[in-house]
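A lone chain, given as structure tokens: the form predicted on its own.
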């Protein structure tokens, strides 16, 4: 069902009205009804079997079956990853039942496991034959070389004996006539050993046999695949000559300890060639068999990939359905399941139609029953959001989920959050860069949404609409600050000021005269680069920060009024909203008024002196610091109102709450009889306390004292906290200026192409790394703090819980 058919007109200010409902479903249509409700995604089921463990519930067996099928699908996913095959999102084949799917998955798993086992055996045999052929070739070369040397030595000795040289051995004839049966015959062991273990292998052989072996090694140029591990390993071919069975036993044990693969070898040259030809033939046969098996395995995995997504979604849905069915109470006598849960009021008709459709499709003679229940607990909070507003709502939810139908800060966060960010990040050059980068994410959101991105990229993609709003506001504030990578432009005409004397170089505001009308929009470009630029911008941005802070805090207090009015809480209106508005505006609202008057009149009054001596010496004359007539008497009135507002907040509310509690519970000794199953409708009172909860006056008084002190001190600290807008804006501007002047312009002044290219590269990396990444993150976090602490603590409770409906669209990919 399309979103436009099932969702109401979006009311983002307060959460959707919710209701507690009960659904009685016949057994024959229960599965289909839950499935249809999962497609609808507007009903949150309550667990009616909390006292039962997962293994004691009705559908534990079905969940176990789904878990086993999910395990097989994970095995298929690994095989697909191994084959380099991706699953197709298109549905192939006909729809099958869960039993048919279970049987098919079992057959495919058994087939793949058998094919993998056979493939491993064939690969093992193939790699062993490859190593064996290397041993035969390398050792054959060693034996042939040794045989040639021995033949040459024998001929030389015979030649010497024929000449009768005096240097020939006296016992040579006796040695040559010795019986061949009495000569010692040497045995040998040949194979391959990993090259990184070759030195240790040789040393251990020497020590274990006390030097009574002869080892010959030869390295192999290319790494070979080890038959045991299946990994490519650099190895050496070795042959160990030994005498006696005892020495042979030691050599074999050492070979096993070092993971050396042993292969038989013969010193007969004819047999060597015959063995090499046999091994080569077997290798060719095995290679053909492996290729055929690999082709068959790939075709099976490819066929699985076509239906993998369909099977995975089916298993996830079935498992979530049975998990939900386990939350329902099972009535054996009535052969039905009873469900309870929350749903939006606007979804009542849609849920009823869905239940009727499920009964019809299941051929059930009895339809499901949907009824509204009476409730006392607070309902869940549900806001209808779209892909644009959801990221702003998540910023608010990270602080705390709104209480049921509490005023939602997310409405104002859509504008105030990117605006406060832009106040700190005001540069329309940087704003354009940020805008273009985010625009790519938005234009390709369909592609990126189906891909797995990294943690940082996933975070940026999820908040793409927040970032693009931040960039748009940054362009706006950058135009106001008249900064493009810290360079001013005369976008709206020439500057209103000019030098008195054309020869003046180091122009200041004293040396400038106004020759045109005031610059129409933003900061006049003539201020940039002058000695008075920093004092001027400091004064401007600091006062602007105070004005923005006081305005946003006033908005928060006004929203507390709308909350109290909505919940019909007159006490909070008269003893919280009114004194808070009086206190805040008597001090900082008055300061904002003084700032605006000073800007309009061009007065030289010292506002620090005015605010400090408003408390220290309220009766003292203002003299040069007077901005308007009657300012002294207005200050006395505002100071009196601020002092009165503190006990106004502190004292009356606890006593009125106590009186209200006593009146509410005055006649509780006589409780009217009522049915146990009162389904007349929801209780619409805002009282969160239970009917018999005790009223602790001392606790309420202490809580109110803490709340009053927190607000009074917080009014000062929160206003000062908004000065971070000034500090971050100034830091961003100065960093941008440093990179432009000390990197780019410095490189430009050397009149060297190489230095200029290096300077441009350094400037780009510094701008991207520091100003577009670190400064963006810094300004984002500061804007987040201003919203969470300075704005939301004026009205936002954030102690609700989120509405989590049973919906197939919300099932995670990692659910098992």
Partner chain sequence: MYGFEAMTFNIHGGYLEAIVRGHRSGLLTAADYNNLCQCETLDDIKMHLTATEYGPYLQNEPSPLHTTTIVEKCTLKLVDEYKHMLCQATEPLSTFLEYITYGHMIDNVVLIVTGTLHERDVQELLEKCHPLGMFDSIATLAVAQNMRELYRLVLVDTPLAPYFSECITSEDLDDMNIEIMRNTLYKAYLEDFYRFCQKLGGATAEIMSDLLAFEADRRAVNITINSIGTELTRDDRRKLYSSFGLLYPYGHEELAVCEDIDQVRGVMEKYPPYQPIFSKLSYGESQMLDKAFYEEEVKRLCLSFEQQFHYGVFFAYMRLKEQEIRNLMWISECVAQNQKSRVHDSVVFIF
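In this text the structure is predicted, and so the values were computed from the model without any measurement. Positions refer to the first chain, counted from 1. Take the two forms, superpose them, and find the largest set of C-alpha atoms that agree within 1.5 Å; that set is the rigid core.
What follows is about the form predicted in complex with the partner chain, which we do not show.
Interface residue among 655, 258, 599, 214, judged by heavy atoms within 4.5 Å of the partner chain in the predicted complex: 258. This chain is drawn without the partner chain; in the predicted complex, the residue among 68, 47, 39, 28 with a heavy atom within 4.5 Å of it is 68.
Comment: 202-210 is the region of 380-388, 202-210, 121-129, 476-484 lying near the partner chain in the predicted complex, near meaning a non-hydrogen atom within 4.5 Å.
Although the partner is absent here, residue 306 lies well away from the partner chain in the predicted complex, with no heavy atom inside 4.5 Å. At least one heavy atom of residue 254 is located within 4.5 Å of the partner chain in the predicted complex. In the predicted complex, at least one heavy atom of residue 56 sits within 4.5 Å of the partner chain. When contacts are judged by a 4.5 Å heavy atom cut-off, residue 250 counts as touching the partner chain in the predicted complex.
Comparing the forms between the shown form and the other one on their rigid core, the Cα displacement of residue 618 stays under 2 Å. After superposition on the rigid core, displacement of the C-alpha of residue 255 between the shown form and the other one amounts to 2 Å or more.
The two forms, fitted on the rigid core, differ between the shown form and the other one by less than 2 Å at the CA of residue 572.
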